[in-house]
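Before any questions on binding or motion, here is one chain by itself as structure tokens, the form predicted on its own.
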């Protein structure tokens, strides 16, 4: 597990137990935790006064904060980090949860995009947090098929499908009928299918311009614009996309009761560039990454934690799935669920692309 900002001050066993009790209490209630609450609910064998003194020490050491005078304490980012690295217990998934997950992934899915969408929906449903899942980074995707579908009027849908199961579609303005669209697609497939997107450069696209022009009698300027559009679509195939699910779950948490803050967060999560930055960040060889509060790069996530788990094709990590939630999330539960979902994705991808090789 990725260790960030580990404190250099050692905690004795008593302080560890008190810190653990405070954090677990706060995860459940979202209310500042007082010494009396800890002494009553935990079998520490310590008086309220002793716990209060230890809490004051933990605050001075940076593990706890007191949001208001006379209020209880809440964990700091450093406190959460110490908890995640040193105190957190392994979460045991229920049989019901594992069966539900198994059932979902038993449903036959052969299109990569649908696998990722399913993983995103299942992640949000199982954790009740905002799910973020990146599409795989295959690089050099091989074109399987190109379709042009006339939608009526002057609108055509371009559909590009790769052998890895990636589907890209775009709408373009083009006044052609079904038969012309079919013939156009036939030429594109004959000349481009089987090539990787790296092999399909602009010169390659221009090579087929004369053939299309002579057969379909399209206006030269319109044809150049269309081929340029097709080239840009193919060029973008390997660009990572991030699917987000259950964004509004953030609004349920007290941390985002301020309307302006909530709007800023929702706007941030609606931007693909932001999402690619947070989930695409490299974490070395770590299978699980946890970024707490100000460990996150963006200010919008300072009140959040981002937990991600890698998924792989064989031995190669090709994508991530994760959740964004309050810092007081149940980290052990989230990691257990993400790890299980990632394992299912690994298995499906192996069966689709490597089995029988």
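Numbering follows the first chain given and starts at 1. Note that the structure is a prediction, hence the values are computed from the model and not measured.
Note that the form predicted together with a further copy of the same chain isn't included here; everything after this is about it.
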Interface residue in the predicted bound form among 51, 309, 58, 27, criterion: non-hydrogen atom within 4.5 angstroms of a further copy of the same chain: 27
Option touching a further copy of the same chain, based on a heavy atom within 4.5 Å in the predicted bound form, out of 176, 71, 93, 187: 93
If contact means any heavy atom within 4.5 Å, which of 176-184, 73-81, 154-162, 225-233 contacts a further copy of the same chain in the predicted bound form? 73-81
Spell out, yes or no, whether the shortest heavy atom distance between residue 100 and a further copy of the same chain in the predicted bound form is within 4.5 Å. yes
Going by a heavy atom distance of 4.5 Å, is residue 240 a contact of a further copy of the same chain in the predicted bound form? no
Residue-level contact is defined here as any heavy atom of the residue lying within 4.5 Å of a further copy of the same chain in the predicted bound form; does residue 167 satisfy this criterion? no
Would you please decide whether residue 131 lies within 4.5 angstroms of a further copy of the same chain in the predicted bound form, comparing each non-hydrogen atom pair? no
Has each of 15, 63 and 278 got a heavy atom lying within 4.5 angstroms of a further copy of the same chain in the predicted bound form? no
Counting only heavy atoms, which residues in 291-305 are within 4.5 Å of a further copy of the same chain in the predicted bound form? 291, 292, 293, 294, 295
